[in-house]
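Below you'll find only one chain, the form predicted on its own, shown as structure tokens.
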């Protein structure tokens, strides 16, 4: 009785192995949250105003007039920027003061470079 030949898998050496994704799922999610926060013109303006403040911080009461938006809307935008890790919030009495998180703008550049 004849034995059947053993078949070996064919390996295509002309193609490169699949590349691993540069971003994992969790990192892609957090990066997207930062870019989503920056995707709104009002939030970009808020970042610009806070960054330009002489004291390095801005009271929410001073941010409504330049944007011509109500305080609840401005607070909503600020919360998104805080949640994205771009602004720091400090409560003082009835007002909240916002400042840039140290290194946040540099981190955005690094996120872009990592793509």
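As the structure is a computational prediction, the values presented were derived from the model and not from experiment. Numbering follows the first chain given and starts at 1.
One more form of this protein exists, namely the form predicted in complex with the DNA; it is left out here, but the text below deals with it.
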property	result
Any non-hydrogen atom of residue 59 within 4.5 angstroms of the DNA in the predicted bound form	yes
Contact label in the predicted bound form: residue 30 to the DNA, heavy atom within 4.5 Å	no
Partner proximity in the predicted bound form: residue 70 to the DNA, non-hydrogen atom cutoff 4.5 Å	yes
4.5 angstroms heavy atom contact with the DNA in the predicted bound form for residue 80	yes
Residues within 4.5 Å of the DNA in the predicted bound form, restricted to 25-50 and counted by heavy atom	36, 40, 42, 43
